[in-house]
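Below you'll find only one chain, the form predicted alone, shown as structure tokens.
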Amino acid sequence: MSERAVREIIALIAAELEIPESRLSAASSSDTTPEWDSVGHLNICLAVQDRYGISLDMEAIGELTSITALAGLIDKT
């Protein structure tokens, strides 16, 4: 995953969860970020779809629970 992708995903997640970017890092996930609950996760996935013009199926949504996973996905787009 690229540094650019990580920075973009951190900014997107911080905006969706309404938390400071400084609370997130490449190691952050739904397990380490209390605000990243199921509703937050769906909002993050919808924002990723909108921003990058991709479509995520339910399996992908279930697997994209970390910044590294999301950054890896957008590196492929």
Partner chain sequence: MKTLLLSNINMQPLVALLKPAEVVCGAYNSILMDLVDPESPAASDEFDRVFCLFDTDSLLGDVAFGEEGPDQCETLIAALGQFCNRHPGKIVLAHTFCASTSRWLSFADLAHPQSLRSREAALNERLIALARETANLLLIDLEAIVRRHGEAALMSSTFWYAGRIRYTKQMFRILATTIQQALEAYANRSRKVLVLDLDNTLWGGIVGELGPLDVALSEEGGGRCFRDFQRALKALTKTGVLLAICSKNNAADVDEVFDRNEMMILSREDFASLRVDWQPKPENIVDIANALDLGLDSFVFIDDNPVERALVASTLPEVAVPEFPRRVEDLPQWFSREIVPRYFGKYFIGEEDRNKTAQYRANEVRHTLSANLDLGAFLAELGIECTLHVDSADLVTRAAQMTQKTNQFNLTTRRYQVPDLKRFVDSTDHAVILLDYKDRFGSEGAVGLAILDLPAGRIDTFLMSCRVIGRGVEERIIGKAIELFRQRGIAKMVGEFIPTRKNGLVASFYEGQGFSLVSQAEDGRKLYERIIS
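Owing to the predicted nature of the structure, the values given are computational and were not obtained by experimental measurement. Positions refer to the first chain, counted from 1.
Although it is not shown, the form predicted together with the partner chain is what the next lines describe.
By the criterion of a heavy atom within 4.5 Å, residue 32 is excluded from the residues contacting the partner chain in the model of the complex.
In the model of the complex, the partner chain lies within 4.5 Å of some heavy atom of residue 61. Remark: residue 10 does not count among the residues lining the partner chain in the model of the complex, judged by a heavy atom distance of 4.5 Å or less. At a distance threshold of 4.5 angstroms between non-hydrogen atoms, residue 39 is in contact with the partner chain in the model of the complex.
Contact check for 16, 49 and 56: all three have a heavy atom within 4.5 Å of the partner chain in the model of the complex.
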